[in-house]
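A single chain, nothing else alongside it, follows as structure tokens in the form predicted on its own.
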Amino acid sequence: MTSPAFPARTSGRRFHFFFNRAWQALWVLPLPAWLLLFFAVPLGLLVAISFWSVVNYRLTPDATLSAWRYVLGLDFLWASFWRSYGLSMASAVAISLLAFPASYAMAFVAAPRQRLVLLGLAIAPFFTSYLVRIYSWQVFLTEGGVISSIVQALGGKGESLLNTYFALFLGHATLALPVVLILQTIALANVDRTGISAAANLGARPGAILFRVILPAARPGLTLGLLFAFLLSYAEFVSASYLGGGTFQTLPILVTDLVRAGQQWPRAAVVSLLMIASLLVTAFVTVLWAYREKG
């Protein structure tokens, strides 16, 4: 004889099951929607435009490879690519090394409350305009500026430091250093202290603890900091224009020049896709290395 209450309990379980699944989907939904709206759709549009043509300075839907053939045949494209890639990677490494002592101090020396205050100070530059910060560097770097005057006072020539690789690096550091500082501090602060204590109790020296315990444990976070520094520097346009003076042809400068020269959006789209592809490959390899298992 069938109990009348059993179907009701089964129906209730099914309702709770579907309700929980719908509730979980509701929380997950914003991420794919965001990726679709802000990444997939613009990327698809960029790919489509790369096959369009420009007729009488007007963008015309087409299916031609002329923009790809033109851009990939430019000698200075590859010079700009390797210059941008090398500059960004060198800046990322230098910024990471520059930020590490401060990150280490915040993670291991500062008390938790002091660490919060210091991290707040690291975020403070984002409350000001990046363009204004770049402009302010010109006061220091230009001929007759702060650094030039100090060098002249010491008997040097005091030449302008604008339009140099050093100026470009300062621009990259102005943008990426706070981000790297925060990511490194979080990674180091989350290192398990028991491993450090065990190594110290076994007589390991501070250098050995740093290189054999702390750095391997914090490797994913430190690598992500390096990656973010590279990503920000690679797509950076403002410092290349206002501190580099356009002297160094980087890929963002090339994209701007192509757009300004006869509204060549298809050619600019090809350069942009080249940048995106190299960024994705670099990010994939870096993340793979950061999370690889110990051999």
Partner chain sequence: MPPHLKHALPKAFWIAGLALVFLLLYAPILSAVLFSFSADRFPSLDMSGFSAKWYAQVLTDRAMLEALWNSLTVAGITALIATTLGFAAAYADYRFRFFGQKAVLALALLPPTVPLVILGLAMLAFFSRIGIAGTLAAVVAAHVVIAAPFAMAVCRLRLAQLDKTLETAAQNLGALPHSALARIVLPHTLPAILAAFLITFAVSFDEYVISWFTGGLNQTIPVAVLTTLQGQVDPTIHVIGTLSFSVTLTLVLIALAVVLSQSGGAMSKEETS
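Positions refer to the first chain, counted from 1. Each form is matched to the other, and the largest set of C-alpha atoms that superpose within 1.5 Å is called the rigid core. All of these numbers come straight from a predicted model, not from anything done at the bench.
Absent from the display: the form predicted together with the partner chain. The rest refers to it.
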| message | Checking a candidate spot here: are L154, R212 and A217 all in contact with the partner chain in the predicted bound form (at least one heavy atom each within 4.5 Å)? | response | no
| So in the predicted bound form, does I276 come within 4.5 Å of the partner chain, heavy atom to heavy atom? | yes
| message | With the partner left out here, check for me: in the predicted bound form, does some heavy atom of F108 sit within 4.5 Å of the partner chain? | response | yes
| Should G221 be counted as a contact of the partner chain in the predicted bound form, where contact means heavy atoms within 4.5 Å? | no
| field | T282 within 4.5 Å of the partner chain in the predicted bound form, heavy atoms | value | no
| Heavy atoms within 4.5 Å of the partner chain in the predicted bound form: which of the stretches 173 to 181, 72 to 80, 85 to 93, 157 to 165 has them? | 173 to 181
| Heavy atom within 4.5 Å of the partner chain in the predicted bound form - the one residue of V255, A240, A67, A229 that qualifies | V255
| query | Which residues within 97 to 112 place at least one heavy atom within 4.5 Å of the partner chain in the predicted bound form? | reply | L98, A99, F100, P101, A102, Y104, A105, M106, F108, V109, P112
| message | Please determine whether the C-alpha atom of A25 is displaced by 2 Å or more between this form and the one not shown following superposition on the rigid core. | response | yes
| Taking the rigid core as reference, does Q152 move its C-alpha 2 Å or further between this form and the one not shown? | yes
| field | Post core alignment: A48 C-alpha displaced by 2 Å or more between this form and the one not shown | value | no
